[in-house]
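Okay, so we've got the same protein chain twice, two forms, each given alone as structure tokens, structure 1 and structure 2.
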Structure 1
Amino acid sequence: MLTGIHVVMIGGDARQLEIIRKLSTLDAKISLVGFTQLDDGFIGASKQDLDEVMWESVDAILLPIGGMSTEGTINSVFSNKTLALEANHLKATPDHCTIYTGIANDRLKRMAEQANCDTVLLMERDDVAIYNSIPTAEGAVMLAIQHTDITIHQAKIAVLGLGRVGMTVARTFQALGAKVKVGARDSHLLARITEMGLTPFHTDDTKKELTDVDLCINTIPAKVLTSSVLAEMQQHAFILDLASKPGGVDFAYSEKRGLKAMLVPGLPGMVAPKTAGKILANVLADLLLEQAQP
């Protein structure tokens, strides 16, 4: 149980509700900042402003998946107020206070370091990334159906990257009957693609390999779909870029050529906020229990 553990949750979206529910069940004391429009009551949770929080008793700070903006603000879909976490808040916390966030920019990292707070980046954990790849792949299927006029079954699909997202995406489209080829650069990944019953190609050959595809799903966070690659693709091809911003596509060129290309971040929160929230809630609960009983 998390009895006596004080957690401050600042901002976020529908995923935070599952986290509050889980932590409330585990008997944590929860300060909710930026939740003025939240109607549900949760046992042990109280709505507060940043300046009302008893920072000296805080064991953990939970930020949204997107972390903090470069201007130092934190988004909340449950409040119209700007939430600005300041160095003074962090400096008032005890030494063991840990910040849990999806990602962290330099500003957040610097603030945490100056306040001696450990930072846990949830999105860099394999378990979170692999669980999250499931709603991401389902979102990719949804977008493929919405933005093409052919069935996924028998469609020629290229997936770029065989990381945590690429593997789930490739397997999901394969299971729907698509003809899936996967681009990777590492020999062990090319072997894995073959083992999975998919067609491998080296990313050096991306230009040649994409000339006949109906759908290309990119998961590589680097500029792989350059203008020279896009120039050779079929006019009807749909390009779905799942990589983190700015993505891997030359969007200016794809627009000029009239190719349909989309950068779609945050699919888990969009298509399955409850599941995505549960994934985070379970991992966070384990981490907080570990922190509470080292």
Structure 2
Amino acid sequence: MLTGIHVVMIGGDARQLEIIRKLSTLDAKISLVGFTQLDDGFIGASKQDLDEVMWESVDAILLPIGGMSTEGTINSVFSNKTLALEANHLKATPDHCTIYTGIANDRLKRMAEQANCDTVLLMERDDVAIYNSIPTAEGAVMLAIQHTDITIHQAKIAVLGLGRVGMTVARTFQALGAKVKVGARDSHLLARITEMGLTPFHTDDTKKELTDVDLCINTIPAKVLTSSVLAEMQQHAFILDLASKPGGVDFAYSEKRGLKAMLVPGLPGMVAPKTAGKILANVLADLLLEQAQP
């Protein structure tokens, strides 16, 4: 149980509801910041502004998967107010306070270090990323159906990257009958792609390999789909970027050329918020229970 543990949840989307529900069941004390439009009532949870939180008693701070912007703001679908976590908030917390977030930029890392707060990056955990890859792949299928005029079956599809998301996405489209090739850099990943019955190619050859594809799905958080690569792609090709912001596509050039390209880093929260929320809730509950151990 999390009795006596004070958790501050700041911003987020529908996934946060499952986390609140789980932590409430475990008897945690929850301060909800940025939830003014939330109608549901949860035992042990209270809506507060940032300046109303008793920071000196906070054991954990939960940020959305997207974390904090470079300007210091945190998004919330349940509030119209601008949420800005500041250094003085963190400095008022006890030394054992831990920040849980999906990703962290330099601003958040610097603030946490100055306040002596540990930071746990949930999306760097294998369990969270692998579980999340399931709704991500389903969402990619949904968008592919919505934004193309061909069937996935027999479509020529390229997946860039064979990480935890790329592997699930490639396998899912293969199961639907697509002709899938996967780009990677490391030799062991190229071997794994072959073992999976897919067509491997080195990312150095991306420009040549994408000339005939109907759909390109990028999972690499680096600018891999440059203007020179996009210039050689078929006009009808659909580009789906699943990498974290700013993605791996030259979106300005793709728009100029008339290629349809979408950046959707938070796909699980869009297509399956309940499932994605339960994934995060279970992992966070385990981490908080570990943190609460004497």
Ligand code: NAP
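These numbers were taken from a predicted model, which means no experiment stands behind them. Residue 1 is the first residue of structure 1, and the numbers go on in sequence order from there. Between two forms, the rigid core is defined as the largest C-alpha subset superposing within 1.5 Å.
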Q. Between structure 1 and structure 2, which should be identified as the form predicted together with the named molecule?
A. 1
Q. Rigid core fitted, is the C-alpha displacement of E255 between the two structures 2 Å or more?
A. yes
**Q.** Rigid core superposition, R164 Cα moves 2 angstroms or more between the two structures
**A.** no
Q | Core-aligned C-alpha movement of H96 between the two structures, 2 Å or more | A | no
Q: Can you read me the CA shift for A222 between the two structures, rigid core superposed, in Å?
A: 2.3
